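Below, in structure tokens: the form predicted alone, a single chain.
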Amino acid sequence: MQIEQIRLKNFRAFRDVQMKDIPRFCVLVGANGSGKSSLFSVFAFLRDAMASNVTVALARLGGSRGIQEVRSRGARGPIEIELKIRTDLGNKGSKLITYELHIDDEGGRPVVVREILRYRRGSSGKPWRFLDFSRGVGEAVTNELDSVDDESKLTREPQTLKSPDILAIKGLAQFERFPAVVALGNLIENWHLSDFHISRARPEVEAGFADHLSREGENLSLVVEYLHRQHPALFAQILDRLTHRVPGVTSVEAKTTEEGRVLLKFSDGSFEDPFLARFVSDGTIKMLAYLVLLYDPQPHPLLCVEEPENQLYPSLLWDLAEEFRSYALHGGQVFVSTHSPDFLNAVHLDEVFWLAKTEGYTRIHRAADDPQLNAYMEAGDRMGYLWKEGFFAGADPQ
């Protein structure tokens, strides 16, 4: 999966913006308050809306004010989100799906006023519309797509959702006869937005099972235990990278206590007894968590990480950026926001976008579109140095 383009209108600081030619590894730079977190919240909103409904998802973003807080200040009209996503539809091959969602408030409650899913069957021609809903009522295509050569021959089945604040892709993704909807729904449900908290990962946890790192990382010890038992070769790679980046660490293991709780133990070659997680550095815990996330046997189709440089030594950031890029090339797409010139120095020109506010609203700039940045990079400069020197207009480091 790869999100190639994003269009936002009336969503928080994004009054009307487009982000085009998005790479598999995408790094966002900008001053505090420029909208980096707001861009990530678009993905969180769609995932939450898939899990519940638009009303709940808006409440998580805007609190009790809901849509009024999420809609751009001073704006009128619906919130609009449009994603162009290239994904594999099985035997139908790779397709560029366009998903468009318009949300407004009617009668004091959020309503999906328009929801459209369309894509091209071939390399050219007008995209076919496979889902079209408004206020909980619409239609979706059900017949086998490869057997149809004319849009007029598509079988469109009318549907009515339980409520106008439910996404059609949520309701219809439960049925195999809507293949394009199922594909998009599965992607969104498996997006991962990391909000890792070291304090959540340190304590012992109740014995159980976890094969994916949670958003805040409180199940880190359970995932370490799972990888050690079920994927020993993969866990050996994680440990090898950790030991090369954190001096002294020779092994990591998850132990279950007599009380039925799981704790992490770190061994240092200089000492006979291992250390519990609560005694190792923040950077050690965080690096382990990132490696567990990036070496997941089943990578997320989309991974978002805010400011991974926090609590990590600057010399580790180049290698971490390379790990993110490798994940993006072999697993899922990665979005990272950063305030670190050291991290940015490891990033390529076509991987960087910067955000800057103008008259209260955010604009998104693609670094590869800037002739001056191109010239400096061709001369052997680095993105982090250029950012520190003020070449990203409106996005000076804080």
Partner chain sequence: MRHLVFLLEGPSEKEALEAWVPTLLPPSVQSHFIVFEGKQDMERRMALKLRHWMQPDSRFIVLRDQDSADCTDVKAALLARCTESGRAADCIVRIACHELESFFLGDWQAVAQAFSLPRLADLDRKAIYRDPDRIALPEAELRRHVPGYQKRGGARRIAPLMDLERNRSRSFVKLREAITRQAQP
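Numbering follows the first chain given and starts at 1. Only a predicted model underlies this, so the values are computations on that prediction, with no experimental measurement involved.
Separately, the form predicted in complex with the partner chain exists; it is not shown, and the next lines address it.
message: Just to confirm the contact call: exactly one of 25 to 33, 63 to 71, 367 to 375, 38 to 46 touches the partner chain in the predicted bound form at a 4.5 Å heavy atom cutoff, so which is it?
response: In the other structure, the partner sits against 367 to 375.
- request: Check, residue by residue, if 133, 140 and 157 all come within 4.5 Å of the partner chain in the predicted bound form, counting heavy atoms only.
  value: No, because 133, 140 and 157 lack any heavy atom that approaches the partner chain to within 4.5 Å in the predicted bound form.
task: Determine whether any heavy atom of residue 13 comes within 4.5 Å of a heavy atom of the partner chain in the predicted bound form, and answer yes or no.
output: Looking in the predicted bound form, residue contacts with the partner chain do not include residue 13, since no heavy atom lies within 4.5 Å.
message: When the contact criterion is heavy atoms within 4.5 Å, does residue 388 count as touching the partner chain in the predicted bound form?
response: Heavy-atom contact with the partner chain at 4.5 Å: present for residue 388.
- prompt: Relative to the partner chain in the predicted bound form, which residues of 35 to 59 have a heavy atom no more than 4.5 Å away?
  reply: Sequence-ordered list is empty.
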